[in-house]
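Next up is one chain by itself, shown in structure tokens, the form predicted alone.
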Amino acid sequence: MMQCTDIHDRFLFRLITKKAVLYTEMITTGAILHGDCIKQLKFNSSVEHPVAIQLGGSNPEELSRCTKICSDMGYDEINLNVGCPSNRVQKGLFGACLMQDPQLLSECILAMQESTMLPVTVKCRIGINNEDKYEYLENFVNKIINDKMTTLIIHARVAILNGLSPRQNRQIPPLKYENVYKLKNSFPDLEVVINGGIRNLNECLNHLKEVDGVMLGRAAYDNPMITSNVDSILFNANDSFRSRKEILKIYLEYCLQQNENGHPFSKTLKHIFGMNKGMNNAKKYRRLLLDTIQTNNLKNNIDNLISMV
């Protein structure tokens, strides 16, 4: 979800659901410690909670320092991503390739836990390359788990480290939800969250019969309104519901304000291309949105955009 679940996208999703946990895009330890991305860590503290920071790295000391920074900034959870299979991530010796070294991963987790009182969670795959049998996953979890680790998020596909792009890694390896279900049965005290190929709330409800939580990624980004009933159905909270038009109106006004603060429309409006996905005038809406970005002319197009959802 790189360059997707940024501060603007999370603002949008908080207009739709107040209860779901939001995750940042993965940010590497090197970018935090040696780059210019502290601004990337900022979040809307008045509206975004609960929000988790997702880190990428494989150096325990660096992960410890970054965990402390993020903890001090007010995040609710620190997540270590060991599921990303991209070549760039592999060159940094982190992401999914870290699953090949559970001893190092265990040291990373412990170092992070020693730097914060917040929950430290891990997002992984069910295996790597040809290791897609349940026994591999169970053995891996046994090697990294400790008394402080309460939550594991599992993408129910293997990560193919060579030969597939990140996009292909989300589509080609078969989903093996049953492996995640078995893990929950083997570790009943561990909160297990399932991820991968889940398209709507009905599918979420089916998974929740077997595991503790569901993480949505691309499906929610491409069609944000599939999360509109999360609060009422999963959390029995009806006070936060807004209509599609209300959400879009508030978000577009937010985009205007952010533009005045130096954030281009290309960074804020890109998150709402799917706001009327599946509706009759979706193509016309997307064309107008693209034209709005290209002409830098949101103020004159707000009413027309809202009328199309």
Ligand SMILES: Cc1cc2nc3c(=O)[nH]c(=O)nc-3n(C[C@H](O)[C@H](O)[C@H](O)COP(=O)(O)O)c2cc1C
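We number the residues from 1 along the sequence you see. Every value quoted in this text rests on a predicted model; they were computed, and no experiment measured them.
Absent from the display: the form predicted together with this ligand. The rest refers to it.
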### Query
this ligand in the predicted complex: within 4.5 Å of a heavy atom of each of M1, C4 and N81?
yes
### Query
Which of L234, L164, M215, V211 has a heavy atom within 4.5 Å of this ligand in the predicted complex?
M215
## Note on the structure
Exactly one of M26, L269, I247, A52 comes within 4.5 Å of this ligand in the predicted complex through a heavy atom, and that residue is M26
### Query
in the predicted complex, does R170 have a heavy atom within 4.5 Å of this ligand?
yes
### Message
Check P224 for me: does it contact this ligand in the predicted complex (non-hydrogen atoms, 4.5 angstroms)?
### Response
no
### Query
Could you tell me if P102 has a non-hydrogen atom within 4.5 Å of this ligand in the predicted complex?
no
### Task
Answer yes if any heavy atom of G196 is within 4.5 Å of a heavy atom of this ligand in the predicted complex; otherwise answer no.
yes
### Task
Could you tell me which stretch in 181 to 189, 215 to 223, 69 to 77, 144 to 152 has residues with non-hydrogen atoms within 4.5 Å of this ligand in the predicted complex?
215 to 223
### Message
Need the contact residues for 116 to 131: heavy atom within 4.5 Å of this ligand in the predicted complex, sequence order, or none if there are none.
### Response
K123
